[in-house]
Structure formats: structure tokens, C-alpha cells
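Okay, here we've got a single chain as C-alpha cells, the form predicted on its own, with questions on binding and movement later.
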Amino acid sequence: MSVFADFDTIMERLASQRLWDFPGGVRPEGQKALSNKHAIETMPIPQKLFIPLKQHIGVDADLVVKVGDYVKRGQALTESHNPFALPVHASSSGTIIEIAPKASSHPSGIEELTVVIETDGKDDTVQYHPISDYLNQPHSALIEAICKAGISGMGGAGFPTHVKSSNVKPIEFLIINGVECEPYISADDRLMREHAWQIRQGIDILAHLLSPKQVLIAVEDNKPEALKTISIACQQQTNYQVISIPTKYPAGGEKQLIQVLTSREVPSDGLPIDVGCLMYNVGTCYAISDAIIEGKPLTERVVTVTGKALSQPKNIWARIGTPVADCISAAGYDRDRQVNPNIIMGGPMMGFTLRSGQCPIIKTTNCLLAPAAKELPTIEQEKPCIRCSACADACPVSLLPQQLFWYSKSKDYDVAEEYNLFDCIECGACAYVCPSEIPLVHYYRMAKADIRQQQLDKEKSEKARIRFESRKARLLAEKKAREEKHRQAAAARKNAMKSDGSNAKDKIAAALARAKAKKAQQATIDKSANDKSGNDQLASNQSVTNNPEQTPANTKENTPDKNEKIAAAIARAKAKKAQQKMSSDIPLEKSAESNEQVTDNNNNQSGNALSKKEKIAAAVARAKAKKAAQQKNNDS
């Protein structure tokens, strides 16, 4: 386990310009002179800007614009409350003509959701809100301003700056990285030469937020002009120290630079804050100064456009979203100098070949390299590994690239992880020295991508399993709850029956008795209604018989209602039936006499033994006989 040097020991060694070193590393031939001789130029506004929604480590923010909207430079196109989401801004004024997946500036070349702006050339800007008195503002206000400006690490990593600046742990060293160790890139070199004061302002803001014991500004010794200008800008700050770093690749790596300056090694699964350090790129410091002092969001950056396929290599201020093809055209791209079209984003060591000239400049783009034929080592047919161990000697992280290559190629990822695959910083030093021309970093990147995808799939599967089990448990709990509810209801009914004094059977019998009594009562009421209806009908018939001259109108007035009609009809039917029964024993010619005799007997003998129904039937029969006789007389 490494023993850290304490603060006082480190300061003594730095004062005497005695530094530490990191293992491995290479010294490729420098080509910075191609582009660092001239001042940074400003690119013309492109006709179209392609602005991807995600240009940093973290998550996408949410769109707040739509197709057809007119936007101004500095206007936010996205926003989010997620701490790992950064907004992106319009780099110039114009109209949004499309929001769709487009080719990304990424090694994979996958498409990413992109806002396409057709510029109008006016470059109208939104109103900026600077914080000139930042020393009197709360830290939260400054961090929020840095976040709203959309600033991420501009040295290549792209980690959200406001998240790193929200650190609450005490730190000893705030390290400003101006090393820029890639052999072709000179963007930070020119930025330090021309804008050292703005960089110093950004450092002041970070020192105010983080309160470090010491600020260390590291510049590689192949940049003497930048070293001089940044030293002059920081000379008034007693706790700022500008340090010249020996030229060695990859001295600009975060862990390697911390080791060179402090001898402290960042743990494999740790962060610089774990060893009392925080690091920012000089480009990031410049952007922080713009965001706080000027109120400007991040809409442009310095990009080195270099390579011998260009007639005018240079550094340019490029708007975020500018197509790569426009940038290399501005530097005099000569297609005839290349065997095949080949544009590399980044340097020759860690860069990657773009799949399209429409890929845009993003926040982490620091270089576009257009190499001429034979300028860079040609990628020949991969040869078998000769086990020379040159890759292990060059590895700045002290890994075993040969073993990592074997296990990555055979997709034995578990063993590759045991050999600390994810500690690889993909610097390319191993591939640079490999005599067999094996693209080692390519295998490592593919293995990392596969492992991440497997982990993602595993997490999705685990989430699906948890959701299934949760649903199953919920349904089982609901079923048990229903069963328990029914059980309690049944018990309550049983207890209620027991608490009552009567037996359940007695209650049922009593209910049946009540129903029968109600039914009998209803039958009695119906019978009384029928009797009354029959008597009323009899009286009506007698009245008609005794008054043959009664008009139809008078008869209609005496017509009973519907219920009475029904009752009368029933009575007539019963009388007819009784009459037919009587007729069966009496000759037809004597029926009238018999009817009259029966009528006289009924009138004279009140104590007759006939039943009530028979009396009604007889009366109805007499009425019909009289009516028939009257009708016969009228016809005659």
C-alpha cells in the first residue's frame, strides 16, 4: 500500500522543482508546431448547427424547444433538475428546422437526438446575467450559474463541472491541468498564451468555492510561452504555483499528473478527492470565468484543426454544433493528400476516426486531425503477439496489456476484470509501441462496452424480477386480505345470530308465517273487491232493464272503471257457467218460466239456502234473459 507524502513534504519538493514520475509512458514525436504559431481565429457562423442533447458524462436533459421555434445565441434548448444533466444552448440565432437522431461525435458512431438550427447570420444573443461580485454570493448561487451555463470538463472527460465543484470535503491541492500531452494538440497552449487572465479569473472562482490549501498550475515544458504568460497572470496570488512538467505522454492524464505533482496514487476504485486533490482543465477555467464574470453559457470552444492534409493548420473558435466538414474546410483541407478520407477527432494517441463529416463539434472536442498519407503509422495486418512485453513497459497504470488482450479477444470478461481492465485509461501507449501492430486499445474498448452492456442487461433483468415478485406478493396479499375479510364477516354474522335470543330455525319459521299471513290478507282483500264488483254490475243491469228508453249516453256515464269492468266480466262468466249447469236439467222452453219462478222465490223467501255465488249468478242470468226479451221486442 502506497504511503502518501504529506503536504509539507510535497511543498518542499515543488519549491525546488523536484517532481515525481509515473511508470511507463512514451515520447511520441511532437507536431504542435503545425498549429501553434498563429493566434486563434474565429470561425464564420455555419449555415446549420447540429447540437446533440448529450455532450457530457451523465444523463440527457429535457427539451424545451420544438421545430419551428426561433432561438437566439445562448438560449437553453434543454433543462433538467437532475444533478447529472447539463443544458445545451443555441450557438447562434436561427430557426429550429429538425429534431432527430443524427451521427454523433463518438467512437461508436451511434446516432443521438440532435437539434438542427438553420442560422440567420445575425447572431442575436439573449440577455446575459453576470455575477461580478461573486465573492459576496453564496456558493450555491455560483454552482447553479455554472450548471446553467452547461459547463463540463473540457479536457476530454466531460464530467459535469458543477457536480465536481459541489465538493464539501476538505482538499489540499487544486490542480489546473495545462499539460496537453497529445503530440498534435495545441488548443490549451494558445488559450493560455492569449487568455491567461480569464483563466486566472476562473481559477479564483474555483479557489473561492473549494478553499484549497494550494493551487498547482501544471504546464508541460514544451510550451514555454504559455508557461510564461500564465505565470505572470498568477504572480500576485501567493498560494498559486505554476509548475513546469517534463514532456512525457500521458502526463496530462488525471491520475498520472497527480502522481507527478504529489506522489499520491488515486485508488483503483477511487477519485482524486480521496487523495486530497481536485483537477480542472484550463479550458474549463476559462468557461467558468465566462459564465460567472460575463454571464455567458458555453456555446463555443477552441479547437485545434491540424494535420498535413491541411494547407493552413490552426486553432479556431468553433461554435458548438459546427459540422466537422466546415472546420477542416476553413483550414484548407486537401482531399488529394489522403489515400482515403480520414478525419480523427482528438489526437493520434486517443482519438477516433469520424464516420461522417456532418459530425458536430461538441464540448469535449479539442482537436480535428486530418493526416496526410504516410503521416501516421499505417494500420497493417495484425500480426501474432511475440510476447515482447513492450506494452507492459509502456503502460502508465502498470497493467498487463498482453493478458488483457488475450482475455478481451476471447471474451473471457470475468478474467479480464480480474486483471483490472477498467483501470485502463485507453491512452494508447501500449498500441503505440506494439511491434505486431495489434490495436490493443480497440480490444479493450470493445470488452468494456460488452461488459457494460451485460451489466445493463443484468440490471434490467433484476428489475424485471423484482417487479414480478412484487406483483406476485401483492396479489397474494390481496387474496389473503379478501379471505380474511370474508372470514371476519362470516364470524360476525354467526356471533350476531348467537347474541340474539331466538333460534335461527324459529326466525325462518316466523318469517314464513308472516309471508303466509300477508298472502292470506291479500286474498281476502281481492275477494271482497270481486264481490262488490259483482253487486254493482247486477244493480246496473237491473237499472238498464227497468229503463229500456235510457240513452246510450246515460249508459256510458254509468260504465264502471277498468277494474270494475274486469270484475263484472268475471261475474258474467261465472253466471253463464252456473246457468249452463242449471240448463242441463231443465228443458229449454221452460227455462224462462223457471227463471221467473226462481226470481219470485228468491224475492219472497229471504232465508233461501243458496250460496252467495249462486244468488249472484241467478241474478245475472235473469238480467240477461230480460235483456234478450227486450231486444226481441224491439226487433219485432
Partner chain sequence: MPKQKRQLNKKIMTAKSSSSPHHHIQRGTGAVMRIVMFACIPGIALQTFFFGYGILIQVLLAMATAVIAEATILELRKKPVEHALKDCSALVAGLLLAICLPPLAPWWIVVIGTCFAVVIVKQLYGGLGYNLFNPAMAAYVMLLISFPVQMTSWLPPAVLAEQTIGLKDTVYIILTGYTSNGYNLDQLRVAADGLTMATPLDHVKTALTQNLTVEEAINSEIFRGSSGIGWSLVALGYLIGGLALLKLKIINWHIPLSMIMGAVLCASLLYLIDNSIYPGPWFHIVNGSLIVGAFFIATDPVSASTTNNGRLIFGFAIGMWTIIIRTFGNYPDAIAFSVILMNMAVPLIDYYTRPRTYGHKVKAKSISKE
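Residue numbers count along the first chain shown, from 1. In this text, all values refer to a predicted model and were calculated from it rather than measured experimentally.
What follows is about the form predicted together with the partner chain, which we do not show.
Taking non-hydrogen atoms only, Glu437 approaches the partner chain to within 4.5 angstroms in the predicted complex. Residue contact with the partner chain in the predicted complex: Ile451 places no heavy atom within 4.5 Å of it. In the predicted complex, no heavy atom of Thr42 sits within 4.5 Å of the partner chain. At a distance threshold of 4.5 angstroms between non-hydrogen atoms, Leu354 is in contact with the partner chain in the predicted complex. When contacts are defined as a non-hydrogen atom within 4.5 Å, none of Lys37, Glu118 and Pro250 contacts the partner chain in the predicted complex.
The chain is drawn here without the partner chain; in the predicted complex, the stretch among 423-431, 135-143, 118-126, 227-235 whose residues come within 4.5 Å of it by any heavy atom is 423-431. Though the partner chain is absent from this view, in the predicted complex it lies within 4.5 Å of a heavy atom of just one residue from Lys383, Lys498, Lys411, Lys480, which is Lys383. When you look in the predicted complex, the only residue of Ile316, Met349, Val215, Cys147 with a non-hydrogen atom within 4.5 Å of the partner chain is Met349.
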